[in-house]
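In structure tokens, the next block holds one chain alone, the form predicted alone.
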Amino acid sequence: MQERLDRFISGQVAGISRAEAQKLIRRGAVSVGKEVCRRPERKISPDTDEITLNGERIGYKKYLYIMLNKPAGVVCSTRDGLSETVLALLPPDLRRRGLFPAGRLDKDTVGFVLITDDGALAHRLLSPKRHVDKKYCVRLRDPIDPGAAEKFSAGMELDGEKLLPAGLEITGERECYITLREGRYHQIKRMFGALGNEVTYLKRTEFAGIPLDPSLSEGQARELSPREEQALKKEDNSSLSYFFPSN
């Protein structure tokens, strides 16, 4: 697959817009192979052509897959006029055109957000038919209802809609982990609200079988490792069999 040289540079090099890439090319700062190229419109093959900028080779990655530990107060959006977005937290070396958060966390929810520019994969992961597991650490105002695990695993009904089964692992009087196979609006808060309780803290600790890196402080991000990327692309990312063993 071929791509325009200026588009390739702006897509692969953090902080360089397409207009800036065109200026650099016309100035003779870009080479294709051993040949200086001054035509921004030149078609190149990213997989095979060696592209250098100011003598340094531009490494090619078709897609980026980034793990971000989202802090509270930040929105999962590409742009927002009032609040800081998750993209604004990315370090310069991880910024490039086309990145977006795959799915959303509420503004006050913290934890794992996947950021990518692989639209096809994001669509598969977020498809209602895919049911990718998402695990959360939950703290509550009141002690947990003794029957909550059974109610969640049976599939609760909210506003006339039947939810998919959810896994509940109680770790303390007011603390637990919950694993969802879907992502409805304020789902966890509404589920506990239906039991007369209130969520006071919510953190996504795992997405599609990939745990949040404990070394990432809130607001920090890194690329997924090759093993994590492979896990992300698996056809079956469900771990809920832990909660619902087959008979």
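Note that residue numbering follows the sequence shown and begins at 1. Here the structure is a predicted model, which means the values were calculated and not measured.
This next part talks about the form predicted in complex with a small molecule, which is not shown.
Interface residue among E169, D106, E84, E173 relative to the small molecule in the predicted complex, by the heavy atom within 4.5 Å criterion: D106.
For the options R222, R27, K62, H186, the one in contact with the small molecule in the predicted complex, meaning a heavy atom within 4.5 Å, is H186. Of the stretches 125 to 133, 106 to 114, 88 to 96, 154 to 162, only 106 to 114 has residues with a heavy atom within 4.5 Å of the small molecule in the predicted complex.
Under a 4.5 angstroms non-hydrogen atom cutoff, the small molecule in the predicted complex has L202 among its neighbouring residues.
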